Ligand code: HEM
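The chain below stands alone and is given in structure tokens; this is the form predicted on its own.
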């Protein structure tokens, strides 16, 4: 490890992994509730479990991004972090706020939570994915601004690279678009219009810039490819991501009361959105082919290549499957949406988290060339278990979504079933989905175990 301040990334990485374990556990609870709706009721109702599942996902990704930035920016900037103390304070404030918010979801009725957090003064609660109390949202803004200040000052005072510029652009964009979470218009169509400015432009916009920067950093380290070559690829991918991602917001505007031209804008942009992810596959495998070093941390490169492939499948292929307007007319809000969401989040953001942790954590722990071969072999088993598990979950949800459309929405299927009657018919598929979810969790446990394997010789 070149700079002592890179150590501040460690608690962020550890906490992100802890949150991921909780997120998957609540996903398994939801899987059981799809099969047996009374499971854990009234202790943890379905709506609460879903809220915790999704909020844990969002928060763990933010922790992973912050840890990644605190690790790679000093190395890219060739100087110590501007304020390691601020980074530690930010961690504890964010962790405490996150834990308190999740406990609030679990222990307090949501209406009461809104009342005791004075949501009436600045109403922001009650919207999907943005259920956080207003006071928590304000805390997130303060934490993110402190984080960006720390990163920006480090970049400005040190060497500037394409990776740090792209990363900082993504971080600033993330902070800016979150401000729309505070805008809650009375008109439902207007509310949904601007709600997607946070949800879509995070997930299919600025977060992809952050992902691209992290991926590029790891590829430089484990392949030794010239930075100029990687920079050209990164610029191309980011340009296509921004153009298609920003206009691609339109595929969420099809049926919420917006003008008809969004049908065309959303459909055309959605056709382009898979391309930057396909370029990412070419990018990762091309860098491996052109590598100038044979780094001993081979599992980090495996995660990097896996990120590109699974992100393309989840965000690209499964996204495209249901985002053209004539198709989305039947598919929106079905389990096909869930299939796309699960694989896209796993491929693009959870796997990039594993990529940077698998590269950085051994170095932070004094193993400059990576963990031992035995440890990497165990981690590789975890990799395949999680990939197979998430592909299985996605395929099960794809079958469930298709079945749901045929039973509930397809115009020529005879008498359509109600939503609940349709869900009852799909239960056998949900059983398979739960099984693959357990495989995914087993993969995470295997991955975590790999870090505790005894290392015969520490790299010096």
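Since we're looking at a predicted model, the values are computed, not measured. Positions refer to the first chain, counted from 1.
Missing here is the form predicted in complex with protoporphyrin IX containing FE; even so, the following discussion is about that form.
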Could you tell me which stretch in 291-299, 146-154, 274-282, 102-110 has residues with non-hydrogen atoms within 4.5 Å of protoporphyrin IX containing FE in the model of the complex? 274-282
Quick check: do 75, 216 and 379 each get a heavy atom within 4.5 Å of protoporphyrin IX containing FE in the model of the complex? no
Residue within 4.5 Å of protoporphyrin IX containing FE in the model of the complex by heavy atom, from 119, 83, 337, 258, is 337
Checking 332, 374, 160, 79 against protoporphyrin IX containing FE in the model of the complex, the residue with a non-hydrogen atom inside 4.5 angstroms turns out to be 332
Contact of residue 168 with protoporphyrin IX containing FE in the model of the complex (heavy atom, 4.5 Å): no
Evaluate residue 196 for contact with protoporphyrin IX containing FE in the model of the complex, applying a 4.5 angstroms cut-off between non-hydrogen atoms, and reply yes or no. yes
Residue 322: heavy atom within 4.5 Å of protoporphyrin IX containing FE in the model of the complex? yes
Contact with protoporphyrin IX containing FE in the model of the complex for residue 48, defined as at least one heavy atom pair within 4.5 Å: yes or no? no
Taking protoporphyrin IX containing FE in the model of the complex, which residues of 28-51 have any heavy atom within 4.5 Å of it? 28, 30, 31, 34, 46, 50
